[in-house]
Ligand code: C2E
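This document starts with one chain, in the form predicted on its own, laid out as structure tokens.
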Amino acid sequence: MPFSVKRRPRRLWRVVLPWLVGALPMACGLLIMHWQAERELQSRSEASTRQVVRQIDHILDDISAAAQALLPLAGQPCAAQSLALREQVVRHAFVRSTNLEYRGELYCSSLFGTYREVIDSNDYFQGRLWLMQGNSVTPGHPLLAYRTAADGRGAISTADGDHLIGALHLLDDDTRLILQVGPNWMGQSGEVHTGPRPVPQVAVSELSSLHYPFSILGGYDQGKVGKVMRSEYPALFGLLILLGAMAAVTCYWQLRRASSPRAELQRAIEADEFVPYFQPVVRQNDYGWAGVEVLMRWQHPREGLVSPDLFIPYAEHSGQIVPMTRRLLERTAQTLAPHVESMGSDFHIAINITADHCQDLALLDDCRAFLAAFPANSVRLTLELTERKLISPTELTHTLFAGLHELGVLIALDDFGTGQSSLAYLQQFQVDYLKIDQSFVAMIGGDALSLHILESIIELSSKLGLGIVAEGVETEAQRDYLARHNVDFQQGYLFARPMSADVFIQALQAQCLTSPPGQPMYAGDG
């Protein structure tokens, strides 16, 4: 818009905006899904750490029970207690070995019997737990040792690292879990390390045991959120795509609607961009100005003056031609009323109407308001019926035409002879003037058939007592031919082209025309 033969390039924002609108619900949905997945993973991580803490608590309950049972035996000869140490290994599922300590020395073991090894209590975190990377029996294989001591006596029981690795692998393989005992930590690989531990990147959760001095750190690697979204929310993905597509299509439709002929015409009506242009009509004999036809033009803010052929059909199709014509009448009255003294008496002003105007009695009020803007009987208003839409002869239309004639408004048939309903209109409505279409006038001096039709129209108007106007006169030969055949009025580029209001007023004042007494005046379409 405005409507032009050449297709205007699309503005970039009209192309981009539907994509952005379509992407917006998808982006918002993905953010919500990402947030929900993070919450879900956080909940899973916390549940995992709780479950692993419970499992290792269960292992430690088992080995600590063995150590507590053996503590009273510490300090007694090893040979007498070897059976008791082996019995605790058999009775407790998670116990790998049991040991007795006396005065800082391990002296008895369920594996070796009498055994001598110095015990450093600092190896045990809080004097109770030691996560070690193997011993002399199984070097490189993790062990968890539990120690209980009192009055220089102590008992130590150990759990095999396989039980710990199994606890860290209780859940899915993507969960990253770390067992921390004092300065030592062990991951799911089973290797025991000292120093800073790696921290998972997503859904970090750490939980300490309430019973033993250890903690579990849990979480997930980067990318787990996206994996959860893809694997667990496929239906939501599909819904987001559907919503995005619907939003994009709706936006595209709204943009098309906003840039449609109807929307653009409505905008132009509200902006008062439709302006009157004036083309004089001259009378027979002296070719002085007898009246004027008011032509609608669109003064577009970007495109300039738009041809009526590009917007009138749209306006008629949409029904917007009625408010456009009403405003045209108002602007014409505002423009010409101050200069009525330059028009002479009985100056005719013509405006086109269509079938839509004939279905609304409001046209009577529009014409009445137009005539009221001028001194009484100073101008004659003529309505020209176009045939782009068929006018049905209903009771309403007959009432309308009767009311128009009571107001003194004249009716003319525009482009007579080219439409299918011209003769029917002559029978159905009270008509005052016929307008000869410019296609017949253009054939003067050429096509004999067209000349016969032209002469028949002139003869018909004479027999019916109707005035006649020839439009599209461009040559002196055409002018003289029409004069010889007593055509009442002529209109065309030979006399004047359509003019803006300012130019027309200046020309009108220069003409200072007055109509001879009794001489009818008419303005028709050109």
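Because the structure is a prediction, the values reported are computed rather than measured. In case it trips you up, residue 1 is the first one in the sequence shown, and so on.
Heads up, the form predicted in complex with the named molecule isn't pictured, but that's what we're talking about next.
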Inset, instruction - Establish, in the model of the complex, whether I312, I321 and D415 all lie within 4.5 Å of the named molecule, using non-hydrogen atoms for the distance. - result: yes
Inset, instruction - Determine whether any heavy atom of Y493 comes within 4.5 Å of a heavy atom of the named molecule in the model of the complex, and answer yes or no. - result: yes
Legend entry - in the model of the complex, P308 touching the named molecule (heavy atom, 4.5 Å): yes
Inset, instruction - Indicate whether M186 is a 4.5 Å heavy atom neighbour of the named molecule in the model of the complex. - result: no
Inset, instruction - May I ask you to check whether L328 falls inside a 4.5 Å heavy atom distance of the named molecule in the model of the complex? - result: yes
Legend entry - Option from 144 to 152, 205 to 213, 120 to 128, 348 to 356 whose residues, in the model of the complex, bring a heavy atom within 4.5 Å of the named molecule: 348 to 356
Legend entry - The unique member of Q279, Q88, T158, T382 whose heavy atoms fall within 4.5 Å of the named molecule in the model of the complex: Q279
Inset, instruction - Would you mind picking the one in K389, R283, R96, R297 that has a heavy atom within 4.5 Å of the named molecule in the model of the complex? - result: R297
Legend entry - Contacts with the named molecule in the model of the complex - residues in 451 to 477 whose heavy atoms fall within 4.5 Å: E471, G472, V473, E474
